[in-house]
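First comes one chain, alone, set out as structure tokens in the form predicted alone.
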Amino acid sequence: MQFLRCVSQISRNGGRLFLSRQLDSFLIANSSHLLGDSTHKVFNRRETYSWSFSALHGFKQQIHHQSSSLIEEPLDPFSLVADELSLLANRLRAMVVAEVPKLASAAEYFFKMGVEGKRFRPTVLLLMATALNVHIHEPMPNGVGDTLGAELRTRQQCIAEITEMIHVASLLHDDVLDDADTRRGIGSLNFVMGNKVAVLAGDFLLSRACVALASLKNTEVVSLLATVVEHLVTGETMQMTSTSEQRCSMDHYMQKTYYKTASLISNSCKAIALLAGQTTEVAMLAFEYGKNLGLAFQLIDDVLDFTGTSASLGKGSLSDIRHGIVTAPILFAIEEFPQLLAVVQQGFDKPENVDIALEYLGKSRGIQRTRELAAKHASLAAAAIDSLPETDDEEVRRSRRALVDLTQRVITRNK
């Protein structure tokens, strides 16, 4: 009855329904009766994740969604920033122009119209910028607020551009290391122009990113994004030089995944917050959102490597296991079938070992457990957005809803 009374107390704000804070109080007070806490070991240290917190957050979000779905139109995160994404795409093409024609052609290879990719990271960062820029909407005399807001937005757009250049540079280098022949549904740059040009094009993009980063004149932001590049190198080296024991360690896998995938989006989100002059607490919430969203994204990527098709992925399926890379689905399968460990430690140079691993994976809950782990990180990302300071500004609230929506899109995508 107490729960029903909480649910029934719904207030209106800005024309939209939301559950009163009494629901939060009820869920927190009764969390121990609903779900227990669990400790999950990640990143070579023991971190305690509150399963009750993330699950209850999802439960609360479900109730919120049910109460407001009658009056809220479906939200498309990408459409909210579509105009800015087009602006960024044009600026990126201008930023990667080089004096040497072949280098220019190589550098712009994945920035050309039609092959820019999903532009997922710029979308996240532009939405985060709006979600955090609460003070921009406070009135200031003589249009000063508008000028400051426009300048800040331009600087935050620069973070999105830098992030995309670093991301594409890492793809070019990864394709050389993996000897890939396709990327985004077309021939990879190393396949089309050769390894040397692909490496130089990646280096060129990183240098352009550094120039743009220096223009921001913010040493903390420079340090964050420089650390990202270090993490990309560290993560790739971890993958290349891991021992057989490390390859079968979930801790090692999650640390590597953070370095290779989640560090870029998490530190870029934090940079957006720092440029906005947000508090340390808010900057860390932005970081946590990016970290958990990035981890969820990569976990689903690992699932799709087994369940997707080459056409849907834009690259070859089963590419990880064929390159000897052990990911979460196989690691979970090993927990159920310890005899698979010996096969993994032998490596996947022999095609029959790949077949054996796939057979065990099919009998296990490896795919399902990986999806569950991705869902947990998606829930933690959504919880970070929910923990941001409250605001009545509808544009800010819409961007925050879009960021939460992205957490679901990440774990339900099929490509």
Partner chain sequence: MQFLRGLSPISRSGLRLFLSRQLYPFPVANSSQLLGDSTQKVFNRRETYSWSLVDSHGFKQQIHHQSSFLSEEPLDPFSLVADELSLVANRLRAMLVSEVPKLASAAEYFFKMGVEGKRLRPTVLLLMATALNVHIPEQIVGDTLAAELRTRQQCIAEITEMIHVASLLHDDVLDDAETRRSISSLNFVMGNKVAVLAGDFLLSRACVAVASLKNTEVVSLLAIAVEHLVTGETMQMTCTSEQRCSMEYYMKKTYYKTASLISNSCKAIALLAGQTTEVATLAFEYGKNLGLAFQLIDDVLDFTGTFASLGKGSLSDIRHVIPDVISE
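Residue numbers count along the first chain shown, from 1. Remember, predicted model here, so these are calculated numbers, not experimental data.
The next section is about a form of this same protein that is not shown, the form predicted in complex with its partner chain.
- The stretch in contact with its partner chain in the model of the complex, judged by heavy atoms within 4.5 Å, is 211-219, chosen from 326-334, 299-307, 118-126, 211-219.
- With the partner omitted here, the residue from 86, 105, 223, 345 that has a non-hydrogen atom within 4.5 angstroms of its partner chain in the model of the complex is 223.
- For the candidate set 79, 319, 182, 227, a heavy atom within 4.5 Å of its partner chain in the model of the complex is found for exactly one residue, namely 227.
- When contacts are judged by a 4.5 Å heavy atom cut-off, residue 233 counts as touching its partner chain in the model of the complex.
- Though the partner is left out of this view, residue 96 does not reach within 4.5 Å of its partner chain in the model of the complex, counting heavy atoms only.
- In the model of the complex, its partner chain stays beyond 4.5 Å of every heavy atom belonging to residue 251.
- In the model of the complex, its partner chain sits within 4.5 Å of a heavy atom of residue 177.
- Residues 233, 234, 236, 237, 238, 240, 241, 255, 259 are the members of 231-261 with a non-hydrogen atom no more than 4.5 angstroms from its partner chain in the model of the complex.
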